[in-house]
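This document opens with one chain alone, in structure tokens, the form predicted on its own.
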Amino acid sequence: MKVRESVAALRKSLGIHHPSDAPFAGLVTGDRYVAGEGDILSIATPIDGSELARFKTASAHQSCEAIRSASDSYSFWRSIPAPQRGELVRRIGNIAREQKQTLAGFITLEVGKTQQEALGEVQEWIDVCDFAVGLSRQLHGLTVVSERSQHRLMEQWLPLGPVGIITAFNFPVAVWAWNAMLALICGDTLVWKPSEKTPLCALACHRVVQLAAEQLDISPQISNLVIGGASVGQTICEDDRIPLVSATGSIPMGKKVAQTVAARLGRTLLELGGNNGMVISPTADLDLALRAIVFAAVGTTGQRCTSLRRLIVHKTILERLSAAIAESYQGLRIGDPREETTIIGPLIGEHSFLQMQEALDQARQQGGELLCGGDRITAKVPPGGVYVEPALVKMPAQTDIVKQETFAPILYVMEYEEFAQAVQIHNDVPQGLSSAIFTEDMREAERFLSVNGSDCGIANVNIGTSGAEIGGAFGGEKETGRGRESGTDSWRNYMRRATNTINYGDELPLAQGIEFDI
């Protein structure tokens, strides 16, 4: 099936009614679709570069309409008991289950993910829904012993307000779901600015929320979608009706978001760049490590924030492991992600390929040795797409290029002699998202997880850097942003805490024993 025909079939299966020759609306407030006042945005598939759809993007002024819609519906939504809010999310999850293949199809066409990875991303949305539904009956506070007689001191968590969500292209469904599903059960409404590369995925996700809201006769304006450029994101960040902005993307983008929101004393939840490292000990199970290395380094064509980019290997096994990785790379099936046998799909676009080549040039200038890969593939792949061989580069430790994140399948290999040196090399980058060690030495494993070990938000033992489960809070440290999304107590990001003191006696004692008689 041709790309345009695939898009039409996917739209039809979700009930998105739209003339095939007209641009999609750039502003969606609930079930109201409004043509944008901005430029025409043409969406191309990375599979072969052909056009998927066109959007009439929203203006900064129209972003305010979405914010107003979310603000107006917030007073209604926050008053609904949390378990009933959970019922909406349960139905969203059920629809996502029913439409899993369709939703995955949108991801494959817009991002170029393989079928397995696209299905996995939709499953992550479904899992987050299950997680959020359970949390909707567990938004607990604390009761604290009061120093004053016949007083009760307690904390409770209350809805925060409209939440702004800004997402990147590489996980157009899952990262939105981490934020949106938890925000909804917490009593917040949504204003979403997706990546300009993946507006069809956003439209499909919004449609699922819309369908679930219709089943429960709930105002669909609790969810609002704005498709546009940087001015749209800037408007969301500047508007004081948005108490929290959750943004996923590059470190430069995150710094701008942080500065803008902080200027009005708002909150941010930032998931920014990763430059993830893995230590391979001389005691490591190399067969196990090899599988983890290859998946983490080449999955999503190296376009994950958790992709493995730095491999720190003990000098006694470096040559053997490097040869095994290079051999494994030779057998990887690279091509059309719609084919079931494909393991690696295309880069998102030409710009990514140019960045990859620039990084490889810098690596060579800084003493690196290209062991394999790095070339563009043109045979047996769809014409018009950007397909590349994953690159493996042996590098001296602590060069400038290995401290930078390149969103492409480049794996830098470095050697170490002592464990403390491996940790030092690992931590000597500005990012701090995900990390891993492969070792059979219990003491090394525990040290890697200790205060003197990995400085990342995620630290794994005998497992790769990517593929996080939704039950654990996801996020990083340093320039990665110090945000936490999804599991455990991340729901608190989307609520405000109130401390309450209740006097059920006849006296009015003051804290700290202060006496004040009138």
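A residue's number is simply how far along the shown sequence it sits, counting from 1. What you see is a predicted model; the values in this text were computed from it and never measured.
This protein has a second form, the form predicted in complex with nicotinamide-adenine-dinucleotide, left out of what is shown; the following refers to that one.
This chain is displayed without nicotinamide-adenine-dinucleotide, yet in the predicted complex the stretch 400-408 from 373-381, 400-408, 119-127, 386-394 comes within 4.5 Å of it by heavy atoms. The shortest heavy atom separation between S435 and nicotinamide-adenine-dinucleotide in the predicted complex exceeds 4.5 Å. Among heavy atoms of D188, none comes within 4.5 Å of nicotinamide-adenine-dinucleotide in the predicted complex. Taking non-hydrogen atoms only, T57 never approaches nicotinamide-adenine-dinucleotide to within 4.5 angstroms in the predicted complex.
Under a 4.5 angstroms non-hydrogen atom cutoff, nicotinamide-adenine-dinucleotide in the predicted complex lacks G105 among its neighbouring residues. None of I325, I166, A132, V423 but one reaches within 4.5 angstroms of nicotinamide-adenine-dinucleotide in the predicted complex through a heavy atom, and that residue is I166.
Put simply, of P162, P337, G277, G273 only one has a heavy atom within 4.5 Å of nicotinamide-adenine-dinucleotide in the predicted complex, and it is G273. Annotation for 250-270: interface residues with nicotinamide-adenine-dinucleotide in the predicted complex are S250, M253, K256, V257 [heavy atom within 4.5 Å].
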